[in-house]
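Single chain ahead, written as structure tokens, the form predicted alone.
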């Protein structure tokens, strides 16, 4: 089944291009024919000349980044974007969510819907729509939210997964907390699942694990693309009967988002080492899974600096405390294993009932996908997609920062002049406070 990628704004277009390139390079890397065929069918189609064309739509209010993404894909000689699958204007949204959502989005609704419709109609079977965007600026967040709303109207029964890049905590844009709150509150009503990458976390991975001295956005995007690709590249699930061609977005949503109040997904991957060190590195499944499990329960995003003191609370202790200290309670997890001897990997540690909310049995809360084909040159790799309390702290911080600004009415006029009222802000705060409360009470 095929996925149509909708790349929105500067961040969405850069990460989207890197993701598609990574997926295709991995699928062509001398690997098994079944996986290669399934991966291509999922993310690309062939034109009349046999060239691979991405099942993607590129949207931005400025042409520069779209042109760069199109050029990079064409220069690879492996794939390209469709000649008419992109839309841009001459003027951006000025880092203003209201400008993107209330002005640019409605003004260009018909042309964007038509671009997506063309890509959808090229699919024999549509798995769903992957919308990629940042939450900090104006186009990715504002136009991205409006486009997601349109997609939900036009494709009410299709799966929609939003991939969000959260800004650096130190600040990229002065009003990034406003934009983030408005984006997340609206998407919670529209999307089936919201998969989040935090720039601060990815930056740490680049610095501490990959030993990159001068970190660029391209480096950050490459790590995000690697982690996201390890989730989306075809794998074998428990009921796939040996066939790769399954519904990736539907399986992810059904496995992880069993309640509309819980839609926030985080991703952790292991190992992550510099390319130059890969030939000298050796990994075993017991070691990888031991580290990944501890990363989950201690809410550590990389294998360096894991807190090994954190332990799952006993049942009696859990009943006394809603958050059980620094322990990260999960609602559901999907573990994706790829590489050599994958069927010998023992995953019982992730089936421990102490890791999960009491709502679901571990058999319902935990899923494992496997592929004997290595991913992105790693002989063995494991990726965990988790619906847990992992994003509570950054979400709480983001809402708190936005509320402090709102309480002093800072920059509110920049939003009201485009049609967003103070009541819209209050509704968004209320919506996210409910989400925060629900995740805090997860036990």
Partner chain sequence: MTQSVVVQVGQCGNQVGCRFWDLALREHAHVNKKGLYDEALSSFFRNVDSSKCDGEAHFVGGRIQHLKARAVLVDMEEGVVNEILQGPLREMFDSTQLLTDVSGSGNNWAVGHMTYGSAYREQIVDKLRKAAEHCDCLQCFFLIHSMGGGTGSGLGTKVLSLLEEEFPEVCRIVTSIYPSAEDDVVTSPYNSILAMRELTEHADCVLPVENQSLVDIVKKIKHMSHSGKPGTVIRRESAIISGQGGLIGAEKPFDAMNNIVANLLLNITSSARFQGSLNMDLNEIAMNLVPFPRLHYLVPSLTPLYTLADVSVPSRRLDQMFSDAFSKEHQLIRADPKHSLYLACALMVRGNVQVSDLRRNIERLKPSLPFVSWNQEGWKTGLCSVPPVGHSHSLLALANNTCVKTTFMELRERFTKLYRKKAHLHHYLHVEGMEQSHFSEALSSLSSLIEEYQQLDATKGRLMPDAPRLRIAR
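Since the model is a prediction, treat every value here as computed from it, not as a measurement. Numbering follows the first chain given and starts at 1.
The same protein also exists as the form predicted together with its partner chain; that form is not shown, yet it is the one meant from here on.
- Proximity to its partner chain in the predicted bound form, taken as heavy atoms within 4.5 Å, picks out 395-403 from the listed stretches 395-403, 370-378, 50-58, 36-44.
- Using a 4.5 angstroms threshold between heavy atoms, residue 421 stays clear of its partner chain in the predicted bound form.
- Under a 4.5 angstroms non-hydrogen atom cutoff, its partner chain in the predicted bound form has residue 170 among its neighbouring residues.
- A residue is said to contact a partner when one of its heavy atoms sits within 4.5 Å of a partner heavy atom; residue 90 meets this definition for its partner chain in the predicted bound form.
- Its partner chain is not shown here, and in the predicted bound form it never comes within 4.5 Å of any heavy atom of residue 32.
- Between the options 331, 116, 187, 175, the residue in contact with its partner chain in the predicted bound form by a heavy atom within 4.5 angstroms is 175.
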